[in-house]
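One chain comes next, on its own, written as structure tokens: the form predicted alone.
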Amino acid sequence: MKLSHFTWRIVGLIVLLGFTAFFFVPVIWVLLATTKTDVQLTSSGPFSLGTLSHFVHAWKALFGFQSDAMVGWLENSAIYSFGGVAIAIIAAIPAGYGLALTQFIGRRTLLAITLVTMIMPATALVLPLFLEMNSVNLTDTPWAVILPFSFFPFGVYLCYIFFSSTIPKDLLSAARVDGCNEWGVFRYVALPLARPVVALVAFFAFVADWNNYYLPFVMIASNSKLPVQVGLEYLISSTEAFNPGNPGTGAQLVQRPELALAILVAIAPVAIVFMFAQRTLVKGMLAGATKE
């Protein structure tokens, strides 16, 4: 017996709703956990709502932890991420343009190396990067994180796809006829047309840099220089549930509502950037999909 088209749509909808619940239910739990006390998290229902006063208490406790350590971690993440994004854009845009629209010896080899590096797990490069940074005495400095963050082969490949499929070569040739050198063609013709892919590269680089945990964990030893993702691991190690049988337990440590709030604070910058950049990101992803 064949199922009707309507039945298949219902089945597909149920499957999609199941996947949606699988990913969003933990997020809802984290949101609600910030409004409860540590005792309420274990005694009340998982989706019960706490009070605003408990949220305020968790906020004060989190940002008062170890002399405002959370603020310092957020500042470090911003410095590392924006520094890495800036250098990644400066490097990726000209590299993608050169690979797409110029001919030189070793071009195909460089493109192949870019593709291989793009699919290589980032953790496989951590040890060589650490040894390299250690050899020039840059470990435990911001540059030990910013410089590896600026290495973004995926951004180079995105720019290569954009320039090779979107920029008309006749337009570039016309600019050369008008007297522009290669730098002028890139600066005044190709780059203004590449704004969507520049925004796309910047967004992907920012998300990758902000969420990177392993590289800063290896490179940075000082607690005051940690980014927020590594700081979360430090908070987890400092988390201790309240024990009614031992009133002193957990008095100086972060409890679970503060940890849930820390998770929300850590992901908030990426969510905010995505909300304000959606239209630009869509233009960047669709650039080159059609040609007039």
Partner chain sequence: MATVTFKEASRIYPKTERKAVDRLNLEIGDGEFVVLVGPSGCGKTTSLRMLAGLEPVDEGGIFIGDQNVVGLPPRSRDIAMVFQNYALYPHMNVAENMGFALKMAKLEKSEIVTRVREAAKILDLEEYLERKPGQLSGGQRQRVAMGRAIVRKPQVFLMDEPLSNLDAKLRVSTRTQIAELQSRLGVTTLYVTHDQVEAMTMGDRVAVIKDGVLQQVDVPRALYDAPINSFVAGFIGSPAMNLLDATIVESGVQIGRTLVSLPQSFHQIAGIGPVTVGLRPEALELASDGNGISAIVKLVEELGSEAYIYAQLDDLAGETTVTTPEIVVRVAPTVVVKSGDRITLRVKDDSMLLFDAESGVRIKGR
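Numbering follows the first chain given and starts at 1. Since the structure is predicted, the reported quantities are computational estimates derived from the model, not experimental observations.
Note that the form predicted in complex with its partner chain isn't included here; everything after this is about it.
Three-residue candidate spot 173, 177 and 181; every residue lies within 4.5 angstroms of its partner chain in the predicted complex by at least one non-hydrogen atom. Among 193, 221, 79, 71, the residue placing a heavy atom within 4.5 Å of its partner chain in the predicted complex is 193. Proximity of residue 202 to its partner chain in the predicted complex: non-hydrogen atoms within 4.5 Å are absent; the residue sits far from the partner. Residue 189 belongs to the set of residues with a heavy atom inside 4.5 Å of its partner chain in the predicted complex.
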